[in-house]
Ligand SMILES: Cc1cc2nc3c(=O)[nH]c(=O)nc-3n(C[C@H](O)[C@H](O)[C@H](O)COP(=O)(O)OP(=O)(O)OC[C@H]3O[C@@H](n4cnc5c(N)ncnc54)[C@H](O)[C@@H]3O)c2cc1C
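Okay, so here's just one chain, in structure tokens, the form predicted on its own.
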Amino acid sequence: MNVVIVGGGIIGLCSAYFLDAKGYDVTVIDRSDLTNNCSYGNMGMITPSHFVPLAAPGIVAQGIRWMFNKKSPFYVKPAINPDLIRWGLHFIRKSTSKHVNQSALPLKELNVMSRSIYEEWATLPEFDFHYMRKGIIMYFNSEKTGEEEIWLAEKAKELGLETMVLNNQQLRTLEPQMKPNAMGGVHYLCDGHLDPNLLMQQLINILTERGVRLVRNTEATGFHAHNGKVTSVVAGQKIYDADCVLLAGGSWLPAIAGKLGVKIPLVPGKGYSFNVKNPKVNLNYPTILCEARVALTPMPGRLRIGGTMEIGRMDDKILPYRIAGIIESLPSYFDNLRVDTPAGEEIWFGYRPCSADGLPYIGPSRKYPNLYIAGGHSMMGLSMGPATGKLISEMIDGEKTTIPVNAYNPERFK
């Protein structure tokens, strides 16, 4: 049975990994050379702690305030764009406490499932992506944010996640080199991290050795359908016959699915990251600076720093004031962390695929029973990738899924 996957990021490659293991004949088609998508520039965090969706109470009002600050961590570019407007209306309707409560378990289960897979992979000889389960520390610098983070820590405990609230002295004990000056923090011991660059290259090597076809630098430009099923994918100058098709195109998912008349509410969220190579002092623990919405991850030979979320059209511009906003936030949390502005070629940017309610889209299309969707993971693509791939393989194989999947219905907005 032939499965053609459109999209070679972490979601597409993990799906290929599990489908190949089940004996399917798999082809992955990607518009890039597979070496510089969102799966490479992310922060490498595995985050069961992230059980609150992007669509949450207060985010709309906060987003409007941030629109007047060029250095703010979240920004929506105003535009007369019907797709963006529709996405925004869905997003506003879902930014409720009820939605947050309903989303907590599905988000947590998907992340925990992925964590288990990563921990299994880390024992295999073909993988060595520096996986560590030390947790992630959320730093806060105001009483209001501290109250919110401590409340979330209690909710996390109710979901079975291990957390610990820390004062400044405890933070300084954990990070003596960085000398934290933040008011406090929450240590999510349930989280882990890895080196995404190593992981992606190792996945590609494994799939190549197994005989999975990886078609690089080739855009899927069309599809053929017959008797209510998708029968082939048109890419480059070739036609790839398919018994089943998976769309895992990241931020390009709406355009790809639109060629089949399937609407997926999703917009690109531009983010930046850069590496401080061989830092004189480095973090012991991956870190998120709550007010600044900046993330830092210690990796072999470097400290990766990233942040911002720009909702709008795709472009190739690097906005210096966004990078400045990230860098200027660091001393507010660490006395001993001063970072120079990186050169333009050292700054990575990519587009996170943001669903309209903060939950990913995972499952079959109503229009074509052999068409599957996997996308909309926002900032948690790496964290949710293996679980998504395994769930997709279970659905295609007709098995009972490891966890319930109703919450991820890709056409739930219909």
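All residue numbers refer to positions in the sequence shown, first residue = 1. Keep in mind the model is a prediction, meaning the values are calculated, not measured.
If you look for the form predicted in complex with the ligand, you will not find it shown, but the lines that follow are about it.
A.B. asks: Just one of 335 to 343, 168 to 176, 247 to 255, 224 to 232 has residues with a heavy atom within 4.5 Å of the ligand in the predicted complex, so point it out.
C.D. replies: Only one stretch passes the 4.5 Å heavy-atom test: 247 to 255.
A.B. asks: A16 near the ligand in the predicted complex, any heavy atom under 4.5 Å?
C.D. replies: Heavy-atom contact with the ligand at 4.5 Å: absent for A16.
A.B. asks: Quick one: is G271 in contact with the ligand in the predicted complex, heavy atoms, 4.5 Å cut-off?
C.D. replies: Although the ligand is absent here, G271 would touch it in the predicted complex, with heavy atoms inside 4.5 Å.
A.B. asks: Can you tell me whether M113 touches the ligand? I mean in the predicted complex, with a 4.5 angstroms heavy atom cut-off.
C.D. replies: No, no contact at 4.5 Å.
A.B. asks: Is G350 close enough to touch the ligand in the predicted complex, meaning at least one heavy atom pair within 4.5 Å?
C.D. replies: Yes - in the predicted complex, heavy atoms of G350 and the ligand come within 4.5 Å of each other.
A.B. asks: Can you work out which of L371, M379, A356, A387 has a heavy atom no more than 4.5 Å from the ligand in the predicted complex?
C.D. replies: Comparing distances to the ligand in the predicted complex, the residue within 4.5 Å is M379.
A.B. asks: Scan 214 to 230 and note down the residues that get a heavy atom within 4.5 Å of the ligand in the predicted complex; none is a fine answer too.
C.D. replies: Those in contact are T218, E219, A220.
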